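Single chain ahead, by itself, as structure tokens, in the form predicted alone.
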Amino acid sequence: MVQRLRVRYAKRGRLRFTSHRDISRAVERAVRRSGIPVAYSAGFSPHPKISYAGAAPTGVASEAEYLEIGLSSACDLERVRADLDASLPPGLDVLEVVEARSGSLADRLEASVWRLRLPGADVAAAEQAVKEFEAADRVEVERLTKKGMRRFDAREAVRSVAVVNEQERTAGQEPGPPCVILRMVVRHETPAVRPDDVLMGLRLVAGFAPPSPPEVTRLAQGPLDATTGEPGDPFDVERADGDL
């Protein structure tokens, strides 16, 4: 391996329902189809050197998914981005490619920004639930895992959560019914606290239950800034090195 690339890609539309395993297969096919000189592991069963960090759950859209690719020969970054993007199905969109520098990409992904769209939810009820959730020292929720039902605190990992009331409008029409938007910053911990865990916490502390399933999008993930409380860009190190 002579070059290691880090890739940010989006998972949009129907592709949000694709499992991580199927996305991995799609990426491997796209790499082969586009002629990218991917490096392979040694041994009796070589595998392409492609790894993933901080993958979003199935059913969740994302504007900030990350992977690394090891190459057997150096390539132009923009050419790799364009070729890989063209070889992936619509909805898996390659946004940026940088050459990896020092450190682990996974270690930089400390927190995520999530946007939850809750059509038809009551704005006042959502605001009250958020207040009660933030005031709580601990909010225990349960989730079924591969090892059975697990109970954990959903409050500590939530750095911030806020409510936005959006009136959705179609061209030439009056505004539609209110749509509650929850925007939250959640630290990456073990066990991982997901957006649906926070929704369950809101239900437990205040009885807030949206009338329809949430539409969840990850807007960003990266190193948590202690001053702003927001995730930074995990590619800042690579950009800084490139400017030297």
Partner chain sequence: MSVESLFPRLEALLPKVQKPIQYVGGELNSTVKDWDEATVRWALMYPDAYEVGLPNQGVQILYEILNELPETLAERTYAVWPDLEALMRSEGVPQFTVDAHRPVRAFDVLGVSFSTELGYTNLLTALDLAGIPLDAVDRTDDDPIVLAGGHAAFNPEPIADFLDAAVLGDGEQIAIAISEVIREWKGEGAPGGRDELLMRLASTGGVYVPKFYDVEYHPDGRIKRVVPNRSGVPSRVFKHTVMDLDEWPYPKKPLVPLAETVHERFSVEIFRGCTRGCRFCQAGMITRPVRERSITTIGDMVEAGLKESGFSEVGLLSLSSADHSEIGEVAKGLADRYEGTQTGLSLPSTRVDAFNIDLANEFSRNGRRSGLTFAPEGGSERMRKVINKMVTEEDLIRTVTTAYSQGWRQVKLYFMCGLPTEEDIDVLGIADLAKKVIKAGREATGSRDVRCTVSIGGFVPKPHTPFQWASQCDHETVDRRLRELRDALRGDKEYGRAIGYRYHDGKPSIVEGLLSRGDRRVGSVIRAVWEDGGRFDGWSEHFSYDRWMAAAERGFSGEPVDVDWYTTREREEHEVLPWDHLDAGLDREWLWQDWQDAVNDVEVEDCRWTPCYDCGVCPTMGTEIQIGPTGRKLLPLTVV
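None of these values were measured; they are calculated from a predicted model. Numbering follows the first chain given and starts at 1.
If you look for the form predicted together with its partner chain, you will not find it shown, but the lines that follow are about it.
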Report task. Considering its partner chain in the predicted bound form, find the one stretch among 63-71, 180-188, 37-45, 202-210 with heavy atoms no farther than 4.5 Å from it. Result -> 37-45
Requested in this report: With its partner chain left out of view, choose which of L15, A220, A10, L224 has a non-hydrogen atom within 4.5 angstroms of it in the predicted bound form.
Outcome: L15
Report summary line: Of L88, A157, A125, V141, the only residue with a heavy atom within 4.5 Å of its partner chain in the predicted bound form is L88
Query raised in the report: Does its partner chain come within 4.5 Å of any heavy atom of D22 in the predicted bound form?
Result: yes
Report task. Answer for L92 alone: is it within 4.5 Å of its partner chain in the predicted bound form, judged on heavy atom distances? Result -> yes
**Report entry** A26: touches its partner chain in the predicted bound form, heavy atom cutoff 4.5 angstroms
**Finding:** yes
